[in-house]
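A single chain comes next, written as structure tokens; it is the form predicted on its own.
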């Protein structure tokens, strides 16, 4: 066995996994070594989730094998994965909100009748020292900021002696400050010899953090850039190589896009913002004055919201997830009643109008829940595109559906929005997340859309689809208006003319993309009120 193989903590050999109609993993070989961050890139449907599911015990391969320290193992359950030292931190928190940090960590920790809380506290202190973080063992998980929750998730993954840590899109919902803290934690874990698989859609993260970089495409491992290549290749050349690996012949169309640049952050976002074609800002199209709406369940409401979105303007709404974003979006769209204030569209109050009447005026809402709320999975693509046109001519006549007319228009929309499917009769529930989102975009941006509320428009999408969606948002400047609610600050810096910050259901400040904007906005997101007016100009929040 070669030194490269014997040095691997975990190695997969010839892993193949098929689902009905889909070859998710096709003869994949891959390894992870002690003290390295191995970045894994790939578009939606490339096979990343299936491969990680196999390593974490959620899926079992049809063929191929897994070796740990050079010895073959069978990982047939998540518990087995933990027992052999593989821990996974998912995009969404798996902590039980009502339990304390210590209680979450002790769950399933021992087969004994009584748990040893004192020993668990001592272990938590040890992990805190290792990671350089201070976590209150008695704090409820629900009361922790997302960045702190993620630190607890990492400790939880390490709790049973993990030697390989899988991080799935770990920065997708964090503030810039929390991202910096995560990078520090990863550096400490590397120094301690831990192996890490870092899954991301953000090229700059993969390049800046990865000791090696691997790319999956259409279920196959395209290739791996080894440590020598990553460390010795100039950043711009490394960028070109990775893009070529990810997109093949389509890479030339993407090479100059700002989002793909190594180290996308403040400077690049500012440049991208400056390059964007910006129409002159016109009259107010959407106005919120003193708007308040109740929360639902654990979802908080909003209060005292004053906001104006003008014609030709894209306004971003930043905030840590769970600070009233859904309530704000649903109040504007008409899905949630107001308890105070007024919403005006084109100068006229609409808060007494239902969803359908607002929709007819040109107000559209792109939900963040594309599967549960946006798409009816059992219906065809064509019917999903026309769900809000039921009974309208020329698609219905005398109460009867005109399938030929609908299908013909649906085919035009699928071509225009690049929906990839066998045909418009395909069930929408069988589409990838990216293609579902394109169906929603086609439905909401067509048929006279004038003001669109986008809620997490690119969440969970691959890089290529993300670029397309952001370009559609920028095009709203052409005589229309957009309100973009997102937890991805890079996204907001790229597409917005100005950004307001939502914290605990209230707007706490405003900034325009520019030098220092990311730090100011990140500070406001976590409650630093001293930054609320920094960069906002004389008007502050409107």
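This is a predicted model, so every value here is computed, not measured. Residue numbers count along the first chain shown, from 1.
Omitted here: the form predicted in complex with a small molecule. The next part is about that form.
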19, 48 and 169: each with a heavy atom within 4.5 Å of the small molecule in the model of the complex? yes
Indicate whether the small molecule has at least one heavy atom within 4.5 Å of a heavy atom of residue 43 in the model of the complex. yes
May I ask you to state whether residue 503 is within 4.5 Å of the small molecule in the model of the complex, using heavy atom distances? no
Contact label in the model of the complex: residue 433 to the small molecule, heavy atom within 4.5 Å: yes
Mark residue 24 yes when one of its heavy atoms lies within 4.5 Å of a heavy atom of the small molecule in the model of the complex, and no otherwise. yes
Ok, 162, 380, 233, 91: which has a heavy atom sitting within 4.5 Å of the small molecule in the model of the complex? 91
Counting any non-hydrogen atom inside 4.5 Å, which residue from 438, 456, 358, 201 sits next to the small molecule in the model of the complex? 201
Exactly one listed stretch (125-133, 319-327, 425-433, 360-368) reaches within 4.5 angstroms of the small molecule in the model of the complex by non-hydrogen atoms, and it is 425-433
Quick one: residue 91 and residue 491 C-alpha atoms, closer or farther in the model of the complex compared with this form (3 angstroms or more)? farther
Do the C-alpha atoms of residue 92 and residue 442 sit closer or farther apart in the model of the complex than they do here, given a shift of 3 Å or more? closer
